[in-house]
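The chain below stands alone and is given in C-alpha coordinates; this is the form predicted on its own.
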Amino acid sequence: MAGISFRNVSKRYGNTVAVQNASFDIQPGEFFCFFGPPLSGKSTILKLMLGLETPDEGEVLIDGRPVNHISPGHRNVAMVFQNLALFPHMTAAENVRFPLVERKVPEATIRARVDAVAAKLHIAHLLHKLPAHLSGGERQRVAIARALVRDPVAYLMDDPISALDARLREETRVELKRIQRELGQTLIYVTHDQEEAMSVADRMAILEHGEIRQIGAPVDIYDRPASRYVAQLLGAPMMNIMAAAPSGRPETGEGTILLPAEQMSGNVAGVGIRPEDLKVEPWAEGHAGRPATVYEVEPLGGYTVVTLDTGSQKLRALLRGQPDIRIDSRVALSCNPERVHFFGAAGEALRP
(Lines give C-alpha, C1' and ligand atoms only; values in the text may rest on other atoms or scores of the structure.)
Protein backbone atom coordinates (compact mmCIF):
# COMPACT_ATOMS: atom_id res chain seq x y z
CA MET A 1 0.00 0.00 0.00
CA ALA A 2 1.09 3.58 -0.57
CA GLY A 3 0.05 7.13 0.16
CA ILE A 4 -0.86 9.55 -2.61
CA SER A 5 -0.23 13.30 -2.45
CA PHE A 6 -0.98 16.35 -4.59
CA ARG A 7 1.16 19.45 -4.40
CA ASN A 8 -0.57 22.55 -5.85
CA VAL A 9 -2.01 20.55 -8.76
CA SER A 10 -4.07 22.31 -11.43
CA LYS A 11 -5.66 20.95 -14.59
CA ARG A 12 -7.43 22.94 -17.30
CA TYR A 13 -9.29 22.01 -20.47
CA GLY A 14 -9.19 25.14 -22.61
CA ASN A 15 -10.83 27.86 -20.52
CA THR A 16 -12.40 25.35 -18.12
CA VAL A 17 -10.59 24.80 -14.83
CA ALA A 18 -11.19 21.18 -13.76
CA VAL A 19 -8.83 21.16 -10.76
CA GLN A 20 -7.49 24.31 -9.12
CA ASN A 21 -4.38 24.33 -6.91
CA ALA A 22 -5.25 21.07 -5.12
CA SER A 23 -3.00 19.93 -2.26
CA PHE A 24 -3.67 16.97 0.02
CA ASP A 25 -2.09 13.84 1.52
CA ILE A 26 -3.86 10.47 1.47
CA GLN A 27 -2.28 8.15 4.03
CA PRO A 28 -1.29 4.53 3.30
CA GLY A 29 -4.18 2.19 4.10
CA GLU A 30 -6.74 5.00 4.24
CA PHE A 31 -10.25 4.91 2.76
CA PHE A 32 -10.42 8.40 1.29
CA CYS A 33 -13.42 9.84 -0.54
CA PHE A 34 -13.80 12.78 -2.91
CA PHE A 35 -17.32 14.17 -2.71
CA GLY A 36 -19.03 16.93 -4.65
CA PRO A 37 -21.66 17.70 -7.27
CA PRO A 38 -21.18 16.85 -10.96
CA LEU A 39 -18.35 18.78 -12.68
CA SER A 40 -16.63 19.55 -9.37
CA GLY A 41 -13.38 17.85 -10.45
CA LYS A 42 -13.69 14.48 -8.71
CA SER A 43 -13.07 12.21 -11.71
CA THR A 44 -10.30 14.47 -13.04
CA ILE A 45 -8.41 14.02 -9.77
CA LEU A 46 -8.60 10.22 -10.20
CA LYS A 47 -7.36 10.48 -13.79
CA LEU A 48 -4.42 12.57 -12.61
CA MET A 49 -3.57 9.90 -10.02
CA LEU A 50 -3.88 7.13 -12.58
CA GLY A 51 -1.83 8.96 -15.20
CA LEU A 52 -4.56 9.31 -17.81
CA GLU A 53 -4.17 13.08 -17.46
CA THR A 54 -1.06 15.19 -16.80
CA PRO A 55 -1.24 18.23 -14.50
CA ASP A 56 -0.70 21.67 -16.01
CA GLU A 57 0.91 22.74 -12.74
CA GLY A 58 1.95 20.96 -9.58
CA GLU A 59 3.10 17.50 -8.70
CA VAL A 60 1.45 14.11 -8.11
CA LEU A 61 3.30 11.79 -5.72
CA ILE A 62 2.73 8.08 -5.06
CA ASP A 63 4.54 6.69 -2.04
CA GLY A 64 6.46 9.96 -1.86
CA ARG A 65 7.77 9.65 -5.43
CA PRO A 66 6.81 12.15 -8.17
CA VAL A 67 4.93 10.35 -10.97
CA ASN A 68 3.94 13.18 -13.33
CA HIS A 69 5.90 11.61 -16.19
CA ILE A 70 5.36 7.94 -15.31
CA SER A 71 2.91 6.04 -17.52
CA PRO A 72 -0.31 4.56 -16.05
CA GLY A 73 0.98 1.01 -16.50
CA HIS A 74 3.99 1.67 -14.29
CA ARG A 75 2.13 3.41 -11.46
CA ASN A 76 0.62 0.10 -10.24
CA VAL A 77 -2.77 1.49 -9.23
CA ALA A 78 -6.03 -0.32 -9.97
CA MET A 79 -9.02 1.59 -11.33
CA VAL A 80 -12.76 0.90 -11.43
CA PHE A 81 -14.26 3.25 -14.02
CA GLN A 82 -17.79 4.58 -13.89
CA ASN A 83 -18.52 3.04 -17.31
CA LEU A 84 -17.01 -0.30 -16.15
CA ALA A 85 -15.02 -1.00 -19.39
CA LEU A 86 -15.51 -4.78 -19.33
CA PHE A 87 -14.35 -6.79 -22.35
CA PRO A 88 -17.59 -7.92 -24.04
CA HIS A 89 -16.07 -11.05 -25.63
CA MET A 90 -14.73 -12.37 -22.31
CA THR A 91 -16.67 -14.14 -19.58
CA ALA A 92 -16.87 -12.56 -16.15
CA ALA A 93 -14.12 -14.91 -14.96
CA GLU A 94 -11.87 -13.93 -17.85
CA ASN A 95 -12.46 -10.24 -17.16
CA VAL A 96 -11.55 -10.68 -13.50
CA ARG A 97 -8.46 -12.77 -14.39
CA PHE A 98 -7.22 -10.41 -17.09
CA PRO A 99 -4.95 -8.10 -15.00
CA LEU A 100 -3.19 -11.13 -13.51
CA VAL A 101 -2.82 -12.94 -16.83
CA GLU A 102 -1.24 -9.82 -18.34
CA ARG A 103 1.28 -9.76 -15.50
CA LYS A 104 2.04 -13.48 -15.99
CA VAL A 105 0.97 -14.43 -12.47
CA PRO A 106 1.09 -18.23 -11.89
CA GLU A 107 -2.20 -19.99 -12.72
CA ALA A 108 -2.66 -21.42 -9.23
CA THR A 109 -2.37 -17.93 -7.74
CA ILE A 110 -4.83 -16.54 -10.30
CA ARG A 111 -7.45 -19.19 -9.46
CA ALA A 112 -7.07 -18.61 -5.73
CA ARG A 113 -7.39 -14.83 -6.02
CA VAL A 114 -10.37 -14.98 -8.40
CA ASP A 115 -12.19 -17.46 -6.17
CA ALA A 116 -11.56 -15.37 -3.05
CA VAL A 117 -12.74 -12.10 -4.60
CA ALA A 118 -15.75 -13.74 -6.27
CA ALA A 119 -16.85 -15.11 -2.90
CA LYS A 120 -16.51 -11.71 -1.21
CA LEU A 121 -18.58 -9.96 -3.91
CA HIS A 122 -21.10 -12.82 -4.33
CA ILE A 123 -20.42 -13.34 -8.04
CA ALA A 124 -19.08 -16.93 -8.06
CA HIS A 125 -22.26 -18.14 -9.79
CA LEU A 126 -21.85 -15.50 -12.53
CA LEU A 127 -18.27 -16.18 -13.59
CA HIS A 128 -19.23 -18.26 -16.63
CA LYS A 129 -21.42 -15.53 -18.15
CA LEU A 130 -20.58 -12.86 -20.71
CA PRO A 131 -21.12 -9.20 -19.68
CA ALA A 132 -24.09 -8.92 -22.07
CA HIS A 133 -25.90 -11.59 -20.01
CA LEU A 134 -25.35 -9.79 -16.69
CA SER A 135 -27.49 -7.10 -15.09
CA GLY A 136 -26.04 -3.64 -14.51
CA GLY A 137 -25.40 -4.42 -10.86
CA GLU A 138 -23.72 -7.72 -11.69
CA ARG A 139 -21.42 -6.02 -14.24
CA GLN A 140 -20.55 -3.45 -11.60
CA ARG A 141 -19.46 -6.15 -9.17
CA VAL A 142 -17.38 -7.88 -11.84
CA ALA A 143 -15.57 -4.59 -12.53
CA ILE A 144 -14.89 -4.14 -8.81
CA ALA A 145 -13.63 -7.73 -8.61
CA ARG A 146 -11.22 -7.10 -11.50
CA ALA A 147 -9.63 -4.29 -9.48
CA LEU A 148 -9.61 -6.15 -6.16
CA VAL A 149 -7.94 -9.25 -7.61
CA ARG A 150 -4.73 -7.31 -8.22
CA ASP A 151 -2.11 -6.33 -5.63
CA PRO A 152 -1.71 -2.62 -6.45
CA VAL A 153 -0.37 0.15 -4.25
CA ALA A 154 -3.85 1.77 -4.25
CA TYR A 155 -7.36 1.22 -5.58
CA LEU A 156 -9.15 4.06 -7.36
CA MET A 157 -12.93 3.86 -7.76
CA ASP A 158 -15.01 6.32 -9.77
CA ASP A 159 -18.62 6.09 -8.55
CA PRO A 160 -18.36 2.29 -8.70
CA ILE A 161 -21.79 1.29 -7.38
CA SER A 162 -24.01 3.94 -8.98
CA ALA A 163 -25.73 1.39 -11.26
CA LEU A 164 -26.91 -0.81 -8.38
CA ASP A 165 -30.36 -0.62 -6.87
CA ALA A 166 -30.67 1.01 -3.45
CA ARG A 167 -30.59 -2.17 -1.37
CA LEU A 168 -27.67 -3.73 -3.25
CA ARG A 169 -25.80 -0.42 -3.16
CA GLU A 170 -26.13 -0.38 0.60
CA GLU A 171 -24.84 -3.96 0.89
CA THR A 172 -21.96 -3.36 -1.54
CA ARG A 173 -20.64 -0.28 0.22
CA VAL A 174 -20.58 -2.21 3.51
CA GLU A 175 -18.65 -4.99 1.75
CA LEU A 176 -16.22 -2.51 0.18
CA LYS A 177 -15.48 -0.99 3.58
CA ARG A 178 -14.97 -4.44 5.11
CA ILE A 179 -12.77 -5.65 2.23
CA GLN A 180 -10.65 -2.49 2.36
CA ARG A 181 -10.15 -2.94 6.09
CA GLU A 182 -9.18 -6.60 5.64
CA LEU A 183 -6.77 -5.85 2.79
CA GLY A 184 -5.32 -2.83 4.55
CA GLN A 185 -4.92 -1.15 1.16
CA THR A 186 -5.31 2.49 0.20
CA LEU A 187 -8.71 3.00 -1.42
CA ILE A 188 -9.68 6.28 -3.07
CA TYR A 189 -13.36 6.62 -3.85
CA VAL A 190 -15.30 9.20 -5.84
CA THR A 191 -19.04 9.69 -5.42
CA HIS A 192 -21.78 12.30 -5.67
CA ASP A 193 -23.87 10.36 -3.12
CA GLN A 194 -23.42 11.89 0.33
CA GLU A 195 -24.69 8.78 2.10
CA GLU A 196 -21.95 6.71 0.47
CA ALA A 197 -19.29 9.29 1.24
CA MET A 198 -20.32 9.64 4.88
CA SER A 199 -20.62 5.92 5.52
CA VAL A 200 -17.42 4.54 3.95
CA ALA A 201 -14.72 7.19 4.24
CA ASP A 202 -12.09 7.51 6.95
CA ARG A 203 -11.62 11.03 5.61
CA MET A 204 -13.19 12.94 2.76
CA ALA A 205 -12.53 16.00 0.62
CA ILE A 206 -15.38 18.33 -0.36
CA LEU A 207 -15.01 19.80 -3.87
CA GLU A 208 -16.54 22.81 -5.59
CA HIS A 209 -15.64 23.88 -9.13
CA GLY A 210 -12.30 22.04 -8.95
CA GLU A 211 -11.29 23.49 -5.58
CA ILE A 212 -11.04 21.60 -2.29
CA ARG A 213 -13.24 23.35 0.27
CA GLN A 214 -12.65 21.09 3.29
CA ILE A 215 -10.88 17.86 4.24
CA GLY A 216 -11.60 15.83 7.35
CA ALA A 217 -13.47 12.93 8.93
CA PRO A 218 -17.10 12.84 7.69
CA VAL A 219 -18.63 13.44 11.13
CA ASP A 220 -16.24 16.33 11.83
CA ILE A 221 -17.14 18.02 8.54
CA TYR A 222 -20.85 17.47 9.17
CA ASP A 223 -20.65 18.94 12.68
CA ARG A 224 -18.16 21.71 11.85
CA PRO A 225 -18.52 22.71 8.18
CA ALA A 226 -16.00 25.30 6.98
CA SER A 227 -18.55 27.21 4.91
CA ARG A 228 -22.19 27.56 4.01
CA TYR A 229 -21.51 25.59 0.81
CA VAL A 230 -20.14 22.60 2.73
CA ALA A 231 -22.90 22.84 5.34
CA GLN A 232 -25.66 22.63 2.74
CA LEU A 233 -23.92 19.99 0.63
CA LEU A 234 -23.92 17.47 3.50
CA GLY A 235 -27.23 16.55 5.04
CA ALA A 236 -30.63 15.44 3.80
CA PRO A 237 -32.78 17.45 4.00
CA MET A 238 -30.17 20.19 3.64
CA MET A 239 -29.39 22.67 6.38
CA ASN A 240 -31.84 25.55 6.85
CA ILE A 241 -30.13 28.93 6.39
CA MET A 242 -31.76 32.12 7.68
CA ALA A 243 -30.70 35.73 7.62
CA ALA A 244 -29.48 37.07 10.96
CA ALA A 245 -31.17 39.99 12.67
CA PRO A 246 -29.52 42.29 15.25
CA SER A 247 -32.17 41.28 17.77
CA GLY A 248 -30.75 37.78 17.93
CA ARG A 249 -33.75 36.37 16.09
CA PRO A 250 -33.03 34.71 12.73
CA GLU A 251 -35.24 36.50 10.20
CA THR A 252 -37.96 34.05 9.23
CA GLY A 253 -40.89 36.32 8.56
CA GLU A 254 -43.93 35.11 10.48
CA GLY A 255 -41.96 32.47 12.42
CA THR A 256 -39.06 33.31 14.72
CA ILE A 257 -36.39 31.26 16.47
CA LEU A 258 -34.88 32.96 19.49
CA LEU A 259 -31.15 32.66 20.15
CA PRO A 260 -29.06 34.06 22.99
CA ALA A 261 -28.05 37.63 22.09
CA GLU A 262 -24.39 36.95 22.91
CA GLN A 263 -24.23 34.48 20.01
CA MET A 264 -25.24 37.13 17.48
CA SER A 265 -22.16 39.23 16.69
CA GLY A 266 -22.05 41.95 14.05
CA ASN A 267 -20.21 39.58 11.68
CA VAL A 268 -23.04 37.05 11.56
CA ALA A 269 -24.88 37.24 8.23
CA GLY A 270 -26.52 33.82 8.20
CA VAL A 271 -27.74 31.30 10.77
CA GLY A 272 -27.87 27.60 9.95
CA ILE A 273 -29.94 24.92 11.68
CA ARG A 274 -29.98 21.33 10.52
CA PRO A 275 -33.49 19.84 10.12
CA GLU A 276 -32.86 17.24 12.84
CA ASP A 277 -31.96 20.04 15.30
CA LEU A 278 -35.13 22.07 14.67
CA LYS A 279 -37.76 21.44 17.34
CA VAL A 280 -41.43 21.77 16.41
CA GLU A 281 -44.17 22.10 19.04
CA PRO A 282 -47.87 23.02 18.88
CA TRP A 283 -48.30 26.76 19.24
CA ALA A 284 -49.66 27.97 22.56
CA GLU A 285 -50.02 31.34 24.20
CA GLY A 286 -46.89 32.21 26.09
CA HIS A 287 -44.48 30.99 23.43
CA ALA A 288 -41.83 33.55 22.54
CA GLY A 289 -41.62 34.88 19.00
CA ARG A 290 -44.22 34.28 16.31
CA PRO A 291 -45.71 31.02 15.04
CA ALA A 292 -44.89 29.23 11.79
CA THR A 293 -47.41 27.27 9.73
CA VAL A 294 -47.11 23.62 8.76
CA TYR A 295 -46.88 23.59 4.95
CA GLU A 296 -46.33 19.89 4.21
CA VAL A 297 -45.84 16.62 6.10
CA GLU A 298 -43.88 13.69 4.61
CA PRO A 299 -44.10 10.54 6.75
CA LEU A 300 -41.17 8.24 5.89
CA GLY A 301 -41.62 5.47 8.44
CA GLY A 302 -38.94 5.90 11.07
CA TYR A 303 -38.96 9.67 10.69
CA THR A 304 -41.06 12.46 9.25
CA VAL A 305 -40.01 15.50 7.22
CA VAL A 306 -42.09 18.58 8.01
CA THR A 307 -41.93 21.70 5.82
CA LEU A 308 -42.73 24.90 7.71
CA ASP A 309 -43.88 28.17 6.16
CA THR A 310 -42.48 31.14 8.06
CA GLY A 311 -43.84 33.80 5.74
CA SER A 312 -40.57 34.75 4.05
CA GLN A 313 -39.10 31.27 3.55
CA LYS A 314 -39.71 27.60 4.13
CA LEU A 315 -37.80 25.56 6.69
CA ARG A 316 -37.61 21.79 6.99
CA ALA A 317 -37.57 19.76 10.19
CA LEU A 318 -36.67 16.08 10.56
CA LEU A 319 -38.71 14.51 13.36
CA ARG A 320 -38.55 11.01 14.79
CA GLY A 321 -41.40 8.61 14.18
CA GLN A 322 -44.76 9.85 12.94
CA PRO A 323 -45.82 12.79 15.13
CA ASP A 324 -49.37 14.10 15.03
CA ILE A 325 -48.71 17.28 13.06
CA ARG A 326 -51.37 18.55 10.70
CA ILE A 327 -51.04 20.72 7.61
CA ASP A 328 -51.96 24.40 8.19
CA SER A 329 -51.57 24.09 11.97
CA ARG A 330 -49.55 26.74 13.80
CA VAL A 331 -46.36 25.65 15.55
CA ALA A 332 -43.55 27.10 17.65
CA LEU A 333 -39.95 26.64 16.51
CA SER A 334 -36.92 26.31 18.74
CA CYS A 335 -33.47 24.71 18.78
CA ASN A 336 -30.48 23.99 21.01
CA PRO A 337 -28.21 27.05 20.70
CA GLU A 338 -25.16 24.77 20.81
CA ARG A 339 -26.29 23.11 17.55
CA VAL A 340 -26.61 26.36 15.60
CA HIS A 341 -24.13 27.31 12.84
CA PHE A 342 -23.14 30.88 12.00
CA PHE A 343 -21.84 32.20 8.68
CA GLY A 344 -20.29 35.47 7.53
CA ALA A 345 -21.23 37.57 4.53
CA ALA A 346 -18.93 35.56 2.22
CA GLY A 347 -20.38 32.25 3.43
CA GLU A 348 -17.46 31.43 5.71
CA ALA A 349 -18.20 29.61 8.97
CA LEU A 350 -17.92 31.69 12.15
CA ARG A 351 -17.31 30.51 15.68
CA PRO A 352 -19.01 33.13 17.88
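Not measured: the values here are computed from a predicted model. A residue's number is simply how far along the shown sequence it sits, counting from 1.
The next section is about a form of this same protein that is not shown, the form predicted in complex with a small molecule.
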Which of these stretches, 319-327, 294-302, 40-48, 57-65, has heavy atoms within 4.5 Å of the small molecule in the predicted complex?
40-48
Would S23 count as a contact of the small molecule in the predicted complex, using a 4.5 angstroms cut-off between non-hydrogen atoms?
no
Find out whether any non-hydrogen atom of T16 is located within 4.5 angstroms of the small molecule in the predicted complex, and reply yes or no.
yes
